[in-house]
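Here you get one chain, nothing else, as structure tokens; it is the form predicted alone.
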């Protein structure tokens, strides 16, 4: 088994927060850096990460491009009753991860936007958890319930409570602490009161809930355009398949900020 193999889980119990886009960007960044990377899609119903990689394979073949590819698995939930389902899902995913760790340095798990036994099993395996949160007061409630007038915490969310339980389990069995990152995503380039409030609330929650806050990744058309080709911002910069703009450079710098926060040292410049 690779002693230093790390499991990065991209999780949020809300759909549309950019989990799959972030997952593929992290995977390709680490591949370009020289790591052996595997990806796991736990959202078999939506399958966004899987479709992204399928598009990447097709585009690379069509254009005769030598693009780095992660080893990719889709893990689907079992069909048993609730209690048995929970055990089956956890055992299946644990076995897949154990096997992947014998060959790969980094395993990136993309989770569905709703709670499930399988998603929970993914979170339990995380060494590093990244929770992307859209730049909206509506989306912060995945982490905590906020008073609309005072902007103070009313209570922690069920998702946060679940992470606390996972942290306790890791401590009880002697594992390293779970490193939880909350990433403010899809930030508008137009200054607004809502935007400032989101930033202030997440800075406050960072101290109270014990996560590391990154602000963040901008809302860019280029991310939507890259999906059909299966490309990432790094591919565009390295292959020259598109005209490079200031927006491309800014997007790469945002990705580097995320990578630096994760603190898995890059083996070579990307």
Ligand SMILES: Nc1ncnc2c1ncn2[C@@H]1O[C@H](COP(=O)(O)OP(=O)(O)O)[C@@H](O)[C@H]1O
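Residue numbers count along the first chain shown, from 1. Keep in mind that what you see is a predicted model, and the values were worked out from it rather than measured.
Only in words, not in the display: the form predicted in complex with the named molecule, which the text now covers.
Q. Does the 4.5 Å heavy atom contact test between residue 220 and the named molecule in the predicted bound form come out positive?
A. It does: once the named molecule is placed as it appears in the predicted bound form, residue 220 has a heavy atom within 4.5 Å of it.
**Prompt:** Should residue 48 be counted as a contact of the named molecule in the predicted bound form, where contact means heavy atoms within 4.5 Å?
**Reply:** The answer is yes: residue 48 has a heavy atom within 4.5 Å of the named molecule.
Taking 4.5 angstroms as the cut-off for heavy atoms, does residue 131 touch the named molecule in the predicted bound form? Residue 131: no contact with the named molecule in the predicted bound form.
Next item on the list: Answer with yes or no whether residue 185 is in contact with the named molecule in the predicted bound form, where contact means some heavy atom within 4.5 Å.
Entry: Output for residue 185 is yes: heavy atoms within 4.5 Å of the named molecule.
Given a 4.5 Å cut-off on heavy atoms, tell me which of 55 to 63, 210 to 218, 32 to 40, 228 to 236 is the interface stretch with the named molecule in the predicted bound form.
The contacting stretch is 210 to 218.
- Task: Heavy atoms within 4.5 Å of the named molecule in the predicted bound form is the criterion; list the residues of 13 to 43 that meet it.
- Result: Stretch hits, in order: 14, 15, 16, 17, 18, 19, 20, 21.
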